[in-house]
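Taking the form predicted alone, here's one chain by itself in C-alpha cells.
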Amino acid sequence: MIGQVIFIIILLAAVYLFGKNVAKVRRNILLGKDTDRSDNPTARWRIMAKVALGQTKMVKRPTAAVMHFFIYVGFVIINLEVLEIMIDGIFGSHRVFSKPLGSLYGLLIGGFEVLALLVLVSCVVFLARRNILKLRRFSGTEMTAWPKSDANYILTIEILLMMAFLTMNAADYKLQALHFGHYVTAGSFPVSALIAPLLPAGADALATIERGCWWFHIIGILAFLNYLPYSKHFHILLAFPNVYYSNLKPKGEFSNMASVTNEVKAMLDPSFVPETTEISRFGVKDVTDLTWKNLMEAYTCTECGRCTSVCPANITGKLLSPRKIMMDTRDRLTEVGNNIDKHGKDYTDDKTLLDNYITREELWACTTCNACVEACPVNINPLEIITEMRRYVVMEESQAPASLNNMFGNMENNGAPWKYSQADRFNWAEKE
C-alpha cells in the first residue's frame, strides 16, 4: 500500500510538471503572429501520414533511417507495456493484462522484448556515430557543449531504460519458474531469458532486482517525459502537428504583405478601396514578428543537421547554417518566454533575433535554393525565417547589399534588373 501511495505521488508530480512546462512552450509558440494553416485538411492528413508517420524523408540516409525506425516503433509500442506498469503501480497488481489477453499477452511481451533489444542496439550505434565516427553533420559552430550533451543524454537514458526493462523481465522470468509470491506464469521472454542465468538464484534477491528495475524503469520514463521540453527530443510530440501544418504552397513561393499589395492595387486602380490592415513591421526583426508556425518549427527541430549538410552556402564555407537559424530562433524564443515569466509580458531586454543571434552575413549567404527545406525530415522551413528577416533589412532599414541596391535602382528606372534602358533592351539581337 505504501508503494502504491508513493507511486501515485510521483506520477501526479510528474504529470503536473510536464503539463506546466508544455503550457509554457504553448504560450511561447502563440507569441507568434497568426497564420492560417487550416485549409485542405485531406492533403494535410495525407502529408502527415506520409512524412511524420511513414518517415519517408528519412530513407535518403538508409542507416540512420533503419536505426531511427527501430527507436520510433519501439517508443510507440513499448508504451503499451508502460500503460500496464502504471496500472500495476496504482492498483498494486502485477501484469494486470496477462489474464484478459491470454495467449496474446505472451506474444506482446515477446515482441516488446525484441523491440527493446533493437532500440538498445540502435542507441549504441547512434552513440558511436556521434562520439567515435564523429560524423561531420553533428558538428558546427552551433553544436556547442549542450546540444552535443543533450543527444548523448537521451541515447544513454534510452539504453538504461531498455536494460532495466529486460533485466526486470529476466528476474520476473526466474521468479515465475520458482512460483514465488504473486509472480504467476505470464508472458514470453525470448531476450530476457538469455540474460536470466546472469542473475542470482535466490528468490529474495530476484524479487529485489525485479522491483528495483521496475521502479527505475517507470521513474526513468517519467523523468524523461519532463526532460523533453528542455531537449531537442521535444520533436517526439511536435513532429506530427508540425508536419500537419506544413506549407502546402510550392516551395520558394514568397508571401505577399497585404498592406503592400493593397497599395499596389490602389496605384493600378484608383477605384480600388483597400481593406484596413494594421502594419506593425515589414518583415522580421525578433521572434514575435514570426508566425506561430515558425516558432513551432523552432521547437520541433531535431538538430539532425540534414539541412546544413546540403546547404550550398555552408558547404562552400559560408557562415550560414540552416540548423543554427532554427536553434537561434528557439533560444531567443526561450529567452523571451523566461523574461515574461520573470518581468511580465511588456518587458523588453533590448535584444533581437537579428544581430544578437543571427548575423546579417548569415542572411545574405543564403541562395534561397530550398535544399534545407527539402532535406528536413519533419518539414521545417528555415528559408522562411531567412527571407522574412531579409525583408526587414531591406524594407525597414534600407540596408541591402550594394549589388541588390543597384538592381533595385535598375528595376525602378529601367523596368529590368540590368542597367540598360528599355529602348536598348534588344540591341543584342540586332545584326551587324
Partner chain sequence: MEEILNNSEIGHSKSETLTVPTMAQMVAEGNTPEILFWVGCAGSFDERAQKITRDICKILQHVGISYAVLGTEESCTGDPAKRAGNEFLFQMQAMTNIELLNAYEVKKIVTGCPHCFNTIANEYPGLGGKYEVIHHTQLIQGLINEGKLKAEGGESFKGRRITFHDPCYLGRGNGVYEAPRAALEILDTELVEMKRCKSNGLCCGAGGAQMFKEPEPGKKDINAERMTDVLEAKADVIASGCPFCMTMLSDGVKHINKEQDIKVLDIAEITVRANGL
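Note that the structure is a prediction, hence the values are computed from the model and not measured. Residue numbers count along the first chain shown, from 1.
One more form of this protein exists, namely the form predicted together with the partner chain; it is left out here, but the text below deals with it.
Visitor: Residues in which of 157 to 165, 67 to 75, 295 to 303, 317 to 325 have heavy atoms within 4.5 Å of the partner chain in the predicted bound form?
Guide: Result for this chain: 317 to 325.
Visitor: Give me the residue from T35, N40, T367, T63 that has a heavy atom within 4.5 Å of the partner chain in the predicted bound form.
Guide: Spelling it out, the residue with a heavy atom inside the cut-off is T367.
Visitor: State the residue from L198, A145, I132, L268 whose non-hydrogen atoms include one within 4.5 Å of the partner chain in the predicted bound form.
Guide: Checking each option against the partner chain in the predicted bound form, the one that comes within 4.5 Å is L268.
Visitor: Hey, in the predicted bound form, is G252 touching the partner chain, heavy atoms inside 4.5 Å?
Guide: Taking the distances in the predicted bound form, the answer for G252 is yes, it comes within 4.5 Å of the partner chain.
Visitor: Check N356 for me: does it contact the partner chain in the predicted bound form (non-hydrogen atoms, 4.5 angstroms)?
Guide: Contact with the partner chain, no.
Visitor: Just checking whether G19 would be counted as a contact of the partner chain in the predicted bound form - the rule being heavy atoms within 4.5 angstroms.
Guide: No, G19 is distant from the partner.
Visitor: Determine whether any heavy atom of D349 comes within 4.5 Å of a heavy atom of the partner chain in the predicted bound form, and answer yes or no.
Guide: Heavy-atom contact with the partner chain at 4.5 Å: absent for D349.
Visitor: Just give me the residues of 186 to 205, first to last, that have a heavy atom within 4.5 Å of the partner chain in the predicted bound form.
Guide: Residues within 4.5 Å: none in this stretch.
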